[in-house]
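Read the single chain below, which is given as structure tokens and is the form predicted alone.
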Amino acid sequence: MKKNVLIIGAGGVGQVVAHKCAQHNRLLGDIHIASRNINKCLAIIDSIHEKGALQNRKGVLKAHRLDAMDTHATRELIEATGAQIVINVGHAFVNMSVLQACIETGAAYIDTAIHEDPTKICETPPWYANYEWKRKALCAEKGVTAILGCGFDPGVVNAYAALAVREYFDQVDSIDIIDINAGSHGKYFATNFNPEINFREFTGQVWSWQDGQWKSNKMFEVKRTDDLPVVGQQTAYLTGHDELHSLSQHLDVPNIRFWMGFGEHYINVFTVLRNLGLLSEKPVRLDNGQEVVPLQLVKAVLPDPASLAPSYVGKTCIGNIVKGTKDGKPREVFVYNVADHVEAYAEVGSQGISYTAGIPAAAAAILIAQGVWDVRKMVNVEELPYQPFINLMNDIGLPTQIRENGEDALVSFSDEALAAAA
């Protein structure tokens, strides 16, 4: 059984992961938090103590300064802390360096998004094959557990897709992943997570999996409106997203799409920034000779996503609309979670978007520590048993519901089902 956790990243998601790991530190052991800005790590530790979140009050909880782009420094920190589980919730640019450090030390690796090259936006699919999947054979050879994309989307929605394909349908025709944030932070304009990563998702081509092949659209070109549980009528736009790249390869489903909700104000501001060239990742030279990356400048002037939490109100609704046939008849289900911004802040000091991304990563660490997900190879979430994952999230803050024919029910699994999945 593995124990001792190193969390890389001290933003809003890192705060949620740290709180949830602290709540389970009798199982997980020592908890270490690392970032380039050690003060952010110390602030998270203070918040854990303030809320009395440490299950074992005498447990180790330490902060470290780390440039996670430096594989050697990351490896040294893993070895110095004795961490056997590394949760990478840092910038998507550091995935490959942290993964390599885990391969070299034997520590289990968890992340929440695909690696990104700072100089490239919206690369040709499938992104995992461009980066992480190139280390699959090495992980298997070294017996290193590497769980990719274990946030909510990607992550939980991958588990929902596997659940639907394997238990609710004989044949699945389409999976539409819907991500709605019906909350309000009260700011003129802000992003719910790292602005640089957020904008990069939406400035290039939109790739979706349709009729068994990749199709390209423009951002905000295609939209849909759905009547969803709790949040009601919501409009979402076809968007490229991480989970499409693994689900399209692992599930025999011809149509897999991702839709994200945007308000008109967000779209208008985004469009102005893009048209002015302020979302470019390419450096520009000022009159004084200084070089500036416009996208990084915009990031610097926008509110820190973590600062939005105290004033955030409203709810999120994220899930999969799945259509296909069962016993020769058409069937449609919506597997989903609803999270509350105010409740998330009260528990862990973060807003709901961070809460939904952080809990699954902490759940993966718990399942690795228990041996349930310690698979000693590289996998995406849909390749793992979803039953213990969904049950655990029900217990620690993200309950899964299913809607069919207007009726909602909790999704949970019996001890017999868990044993069968093991």
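All residue numbers refer to positions in the sequence shown, first residue = 1. Please read all numbers here as calculations on a predicted model, not as lab measurements.
Beyond what is shown, the protein has a form predicted together with a further copy of the same chain; the following relates to that form.
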Tell me, please, which stretch of 324-332, 166-174, 251-259, 185-193 lies within 4.5 angstroms of a further copy of the same chain in the model of the complex when heavy atoms are compared? 185-193
Taking 4.5 Å between heavy atoms as the contact cutoff, choose which of Glu141, Glu79, Glu221, Glu291 touches a further copy of the same chain in the model of the complex. Glu291
Just one of Thr271, Gln213, Thr124, Thr225 has a heavy atom within 4.5 Å of a further copy of the same chain in the model of the complex. Which one? Thr271
How about Asn275: is it within 4.5 Å of a further copy of the same chain in the model of the complex, going by heavy atoms? yes
Is Ala346 close enough to a further copy of the same chain in the model of the complex to count, meaning some heavy atom within 4.5 Å? no
Quick check on Lys299: any heavy atom within 4.5 Å of a further copy of the same chain in the model of the complex? yes
Is there a heavy atom of Lys134 lying 4.5 Å or less from a heavy atom of a further copy of the same chain in the model of the complex? no
